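Shown below, as structure tokens, is a lone chain in the form predicted on its own; questions about how it binds or moves come after it.
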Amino acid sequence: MTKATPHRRSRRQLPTADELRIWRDFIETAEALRSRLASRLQVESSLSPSDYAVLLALSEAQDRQLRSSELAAHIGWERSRLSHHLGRMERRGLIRRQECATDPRGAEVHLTPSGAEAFRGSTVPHLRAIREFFVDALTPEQLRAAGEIAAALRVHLDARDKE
């Protein structure tokens, strides 16, 4: 619970039927949205959402490179998952990995010119799809509420991670 949400229960209980209905609607709708965005991204740019997440992080990084451990933390992945995905991206020429100059145990991940071009080519169509499937479906008030809900959930999850 956040400061803005009153503490409704003195002990943990199972969700009510109404709370479960809302939860399922939320999860199923979020998954449908994610699936539509992923399909559109793949069709329009031949990139997966995972490719896009990696390319976005690298495009925003200083010198368009990150240590693999920093990249994994930035996009919220386990290092082994990232390593396998980077191997596929490297074979496609989107990124390049090289040994870290300051730590031979680590690797630096670099955005290649081909990766930068793929990212640039995918960004506008992807942002249009976000507008079409998410932004345009909501009123300005609903959009603000969605932001507030996302922020409250993030604060709650971050607090639980620190316990």
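In this text, all values refer to a predicted model and were calculated from it rather than measured experimentally. Residues carry their position along the shown sequence, with the first being 1.
This protein has a second form, the form predicted in complex with another copy of the chain, left out of what is shown; the following refers to that one.
Visitor: Within 4.5 Å, heavy atoms only, which of Ser69, Ser59, Ser114, Thr29 is in contact with another copy of the chain in the predicted bound form?
Guide: Residue within 4.5 Å of the partner: Thr29.
Visitor: Considering non-hydrogen atoms and a 4.5 Å limit, does another copy of the chain approach Glu132 in the predicted bound form?
Guide: Close contact exists here: in the predicted bound form, Glu132 approaches another copy of the chain to within 4.5 Å, heavy atoms only.
Visitor: Can Asp63 be called a contact residue for another copy of the chain in the predicted bound form at 4.5 Å between heavy atoms?
Guide: No, no contact at 4.5 Å.
Visitor: Do Leu138 and another copy of the chain come within 4.5 Å of each other in the predicted bound form, heavy atoms counted?
Guide: Judged by the heavy-atom cut-off of 4.5 Å, Leu138 is in contact with another copy of the chain in the predicted bound form.
Visitor: Check Cys100 for me: does it contact another copy of the chain in the predicted bound form (non-hydrogen atoms, 4.5 angstroms)?
Guide: Cys100 lies outside the contact set for another copy of the chain.
Visitor: Can you tell me which residues in 81 to 97 come within 4.5 angstroms of another copy of the chain in the predicted bound form, by heavy atoms?
Guide: Contacting residues: none.
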